[in-house]
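In the form predicted on its own, a lone chain appears below as structure tokens.
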């Protein structure tokens, strides 16, 4: 009985974030009064929209760098590509390809810059990446508000602000909306499945599974477990960590383009920040930690977070007679989950260190007792 209780306690301790989110979702569903068909239909659409973006966090976690909050640099690069695609009136899949080809070199450059900074902030990567995201926000706003329209001409009124200087706060992406989702859309009853988008996500899963088995992937896993030993084994630790961030930033760029083509509009100066917060919350809700993440964690997290996003506003309206309260509760829970996961990580590290010290003390005591005999 004690063994079962210990196993249950360990399971709850390791998955407390997922359990809390699942409980909140199960409570919100009946209060929202939404049909199962409506919820499932929205989940399919949102799953296609967001999953690619969350996968961008796996490799830095595998390399021992924690949650890559600096993924917003990659999301920003994707948005820059979309701005130019819309301004040049390049539509559909061609517009998405154009945005990707423009955004990818920018994301690689930003990822290299970010990796260099994080190597100099070893042990504090997450908070450093968070601040780098704010730094990039300032650079991006300067680019969007002053460089675009003044130094780089804006061709269309759809992109330019009324005075002709800078990019609008909100851009309509009608010309590329559904550019990927609508290539092949399978309709089964009330449900529509964007086959090509799901195929792209499946290919990314295959890539991550394959990448883990490569020499570089094995090096990242070794560095995530112990950097000192990896360095002694001849692994170029700094270079490998930079590559993890570069790949993460590149995936964030492509993921943001997929996300926004599904949404059909872009909040020019805030969408990239929201992408970072959502991805971090989703992978943590899925059961990942800042030291371990799997493909399964991504899928579970996206499913649970979007389930709550769908049901909580209407549940809040029913409970508090205000849909806005439900939306505020969703955002509050989102940030709360990130905070809880980071606190639990610090607590587990301290607990494991205490247990290790206690084990060493116990071993020393046994050795001393043996010597007395």
Partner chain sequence: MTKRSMIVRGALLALYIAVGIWAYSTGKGYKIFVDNTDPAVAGAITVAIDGATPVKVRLGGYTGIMVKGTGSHRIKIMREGAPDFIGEFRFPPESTAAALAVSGIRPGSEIVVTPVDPETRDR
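Numbering follows the first chain given and starts at 1. What you see is a predicted model, and the numbers here were worked out from it, not measured in a lab.
Not on display, but discussed next: the form predicted together with the partner chain.
> Within 4.5 angstroms, counting heavy atoms, which one of the listed stretches 245-253, 100-108, 205-213, 145-153 is next to the partner chain in the predicted complex?
Careful reading of the contacts points to 100-108.
> At the 4.5 Å heavy atom threshold, is residue 165 in contact with the partner chain in the predicted complex?
No, residue 165 sits far enough from the partner chain in the predicted complex that none of its heavy atoms falls within 4.5 Å.
> When the contact criterion is heavy atoms within 4.5 Å, does residue 90 count as touching the partner chain in the predicted complex?
Yes - in the predicted complex, heavy atoms of residue 90 and the partner chain come within 4.5 Å of each other.
> So in the predicted complex, is the partner chain close enough to residue 185 to count as touching (4.5 Å, heavy atoms)?
Output for residue 185 is no: heavy atoms all beyond 4.5 Å of the partner chain.
> Would residue 94 show up as a contact with the partner chain in the predicted complex if we use heavy atoms at 4.5 Å?
Answer yes; at least one heavy atom of residue 94 falls within 4.5 Å of the partner chain in the predicted complex.
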